[in-house]
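Single chain ahead, written as structure tokens, the form predicted on its own.
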């Protein structure tokens, strides 16, 4: 009988992976990053910034390579290039007639291509698959510490500016009319997005981090109309996805990042079908 089927017995499924140090680290860091991304995803969903999240997550790739070449932590290079991509998007948008979604597509594909070229030209031990898809099972203690610090910073910023950011995401025009500096909030939210993308590199990698930044918020958005509950549901669904994803990847020997994102997708589909007010089955009954 396959190991994955045997692992479905509750006690072995839960207890055996915890006997390994790398699994305990993976579960801890995946849960932490999942919770932080789940919280941020609510703002991203309300603001409609799915494509912006995709842009920032891909734009950090050359930063990782440059940081390695200079002997710096990956997080520093990734953050600099993430913020740089946002600044470039804003500059091109203001100075040309090209629409924002087009500019975003141009910038993130350009940065991502630059990262691929740098990986191929700079002699290093960088594993391209590790950058693209993450590797929480092989995360080092130094990376754990960096990720914890980044997540702490993101949570502090979102907590301090919670009300202003919520109003900005709901109605930027109204926020501006009552004296809130929406320009600062715009770049603050994008900076937090860059930090979260850097944290997500360790768990699901560049390609899949956008799912952690969007899917939990989208799932929660189908379940409630209240922002407080939305954030709670998003965090819970993201933590659950991270835990189940890591466990499933351990027992079935599949890619951990892909496993986490697949669980998130399943939870979204369940909400899409069975949400009490906005699920498709409920809406069909009303019609």
Partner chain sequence: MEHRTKENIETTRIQADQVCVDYNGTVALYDASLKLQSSCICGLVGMNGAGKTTLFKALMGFVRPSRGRILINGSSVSNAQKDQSVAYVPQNEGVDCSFPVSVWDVVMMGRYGSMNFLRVPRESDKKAVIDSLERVELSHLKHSPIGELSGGQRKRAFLARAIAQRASVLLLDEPFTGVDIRTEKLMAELFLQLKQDGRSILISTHDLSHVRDFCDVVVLINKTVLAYGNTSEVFTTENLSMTFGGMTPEPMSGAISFNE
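Residue numbers count along the first chain shown, from 1. Quantities reported herein were computed from a predicted structural model and do not represent experimental measurements.
Not on display, but discussed next: the form predicted in complex with the partner chain.
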item: Which of 70-78, 146-154, 96-104, 174-182 lines the interface with the partner chain in the predicted complex (heavy atom within 4.5 Å); value: 174-182
item: 46, 164 and 167 all contacting the partner chain in the predicted complex, non-hydrogen atom within 4.5 Å; value: yes
item: The unique member of 113, 122, 87, 160 whose heavy atoms fall within 4.5 Å of the partner chain in the predicted complex; value: 160
item: Candidate from 218, 230, 52, 32 lying within 4.5 Å of the partner chain in the predicted complex - any heavy atom; value: 230
item: Non-hydrogen atom contact residue 253 with the partner chain in the predicted complex at 4.5 angstroms; value: no
item: Contact flag, residue 277 vs the partner chain in the predicted complex, heavy atom cut 4.5 Å; value: yes
